[in-house]
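Next comes just one chain, in structure tokens: the form predicted alone.
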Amino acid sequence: MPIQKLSEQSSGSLEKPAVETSVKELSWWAHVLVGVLFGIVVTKAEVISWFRIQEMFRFQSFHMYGVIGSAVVVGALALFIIRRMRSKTIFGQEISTPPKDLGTGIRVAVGGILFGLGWGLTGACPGPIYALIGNGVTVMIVVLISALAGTWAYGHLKPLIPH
């Protein structure tokens, strides 16, 4: 039975169809499962370790560079395969990746510097913040709130910033 939109139902009921609800619930649980697995992997790989991150920024260890480099290679390979095979979403829509306009690159450089400063000061980039909180490092709640506040501020200031 295909997923139906609420407006396409002939019964006049305001309840969502069971199939649409079950797909959304399955999607939610899939996201939770992937998040938990991500948290386990970054914890076991010591990617969330403040000491590993400091070693990276001081050029004392290859560990984090190896993890980041592996992620770049896997991501590039996956993107190549998705484009080559013209992969589709579970709803049948073709996955497209429009080209990015980098402009002069100044905004990318400034954003990278700000990201790196935040990462160096807090010892965590956005993904592992949740894993750190899950591992009992409750001070990271302040970092999470600050990251969300920064994202919110950028969303509101974006029209005023030259791009």
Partner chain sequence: MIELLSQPWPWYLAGPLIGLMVPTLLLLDNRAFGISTSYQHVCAALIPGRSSYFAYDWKKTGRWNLGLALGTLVGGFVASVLLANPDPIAISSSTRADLAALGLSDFSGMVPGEIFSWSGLQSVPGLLMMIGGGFLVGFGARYAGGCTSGHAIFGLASAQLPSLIAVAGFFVGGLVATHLLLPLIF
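Take the two forms, superpose them, and find the largest set of C-alpha atoms that agree within 1.5 Å; that set is the rigid core. Numbering follows the first chain given and starts at 1. Small disclaimer: the values here were computed from a predicted structure and weren't measured.
Beyond what is shown, the protein has a form predicted together with the partner chain; the following relates to that form.
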property: is_contact(I90, the partner chain) in the predicted complex, heavy atom dist at most 4.5 Å; result: yes
property: Partner contacts in the predicted complex for 74 to 93 (non-hydrogen atom within 4.5 angstroms of the partner chain); result: V74, G75, A76, A78, L79, I82, R83, S87, K88, T89, I90, F91, Q93
property: Yes/no, G136 Cα shift of 2 Å or more between the shown form and the other one with rigid core fixed; result: no
property: Displaced residue check between the shown form and the other one: I40, CA, 2 Å or over, core reference; result: no
property: Cα displacement of P126 between the shown form and the other one reaching 2 Å, rigid core superposed; result: no
property: Cα-Cα trend for T151 and L79, given that in the predicted complex the distance shifts by 3 Å or more; result: farther
